[in-house]
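Just the one chain here, laid out as structure tokens, in the form predicted alone.
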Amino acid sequence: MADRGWPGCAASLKGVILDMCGVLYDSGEGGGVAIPGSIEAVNKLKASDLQLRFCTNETQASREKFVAKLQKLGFDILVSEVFSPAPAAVAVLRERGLRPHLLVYDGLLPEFDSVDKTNPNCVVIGDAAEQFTYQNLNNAFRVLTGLEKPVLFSLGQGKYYKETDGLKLDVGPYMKALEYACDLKAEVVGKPSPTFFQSVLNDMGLQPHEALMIGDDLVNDVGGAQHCGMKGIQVRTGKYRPSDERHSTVTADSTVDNLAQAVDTILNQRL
């Protein structure tokens, strides 16, 4: 019987899914910086027989601009390989005939150009950074409380992420504020949503046990992947903190120093 544990399961893998911020690079001024060894690790995966996709909750830029930034840092990444919440949210809005009030970063607005935003009947919230003012949050609150059946979409639910100058609040705390004020539960589009992970697996044509996720977020990356039946590997870069494991109900299949170590372990198991 094949070894389903880590790293033995690597021998039977067919695909790898990578988180981006905190795994490939740390965001910040000038586009951020690549984490040492991550560019080479991506190149090794691309040269192998494994399928590779990138799964991010990035919501401060369109996929095209986001990928262009990473290409400038030296990564071999295509837009078609990247799965992010905004396009997934647009698909849901169209399917359900919803018109969003947007509380998102200005750089993400073009992703929603094709969606009718007149007379909103739902709210979409993303990592709006400096746009998370009292006025903007209160405007979203008023839209929701004015609806008979309020609907709140959140492009992820992360607590925080890391930039080159330190940790920054993510969308999760603001999502929770609106949930509490409006007495509702947000629909999360992006990690750790099972639907979001399944869309990546569908694109690769793989079953969950044939792929693994590598990320720095124990709940949204590792836990989300495990909930879908994949293995989840956590790296000690990005937002990783030693207290993660003590304060979470999620246990990673393995915790490694960085992406380079994870990739070397995977590829060595396949020799």
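Basically, rigid core = biggest C-alpha set you can superpose within 1.5 Å across the two forms. Residue numbers run from 1 along the displayed sequence. Quantities reported herein were computed from a predicted structural model and do not represent experimental measurements.
Although not depicted, the form predicted in complex with another copy of the chain is the subject of the following passage.
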{"property": "Sole residue of 201, 151, 115, 129 within 4.5 Å of another copy of the chain in the predicted bound form, by heavy atom", "result": "129"}
{"property": "Selected contact from 209, 227, 241, 69, since only one has a non-hydrogen atom within 4.5 angstroms of another copy of the chain in the predicted bound form", "result": "241"}
{"property": "Residue 99, heavy atom within 4.5 angstroms of another copy of the chain in the predicted bound form", "result": "no"}
{"property": "4.5 angstroms heavy atom contact with another copy of the chain in the predicted bound form for residue 92", "result": "no"}
{"property": "Residue 183, heavy atom within 4.5 angstroms of another copy of the chain in the predicted bound form", "result": "yes"}
{"property": "Contact flag, residue 145 vs another copy of the chain in the predicted bound form, heavy atom cut 4.5 Å", "result": "yes"}
{"property": "Interface segment, criterion being heavy atoms within 4.5 Å of another copy of the chain in the predicted bound form, picked from 159-167, 75-83, 193-201, 115-123", "result": "159-167"}
{"property": "Residues in 131-147 close to another copy of the chain in the predicted bound form, defined by a heavy atom within 4.5 Å, in order", "result": "132, 133, 134, 137, 138, 141, 142, 145"}
{"property": "Large Cα shift (2 Å or above) at residue 248 between the shown form and the other one, core-fitted", "result": "yes"}
{"property": "In the predicted bound form, whether the C-alpha atoms of residue 209 and residue 247 sit closer or farther than here (change of 3 Å or more)", "result": "closer"}
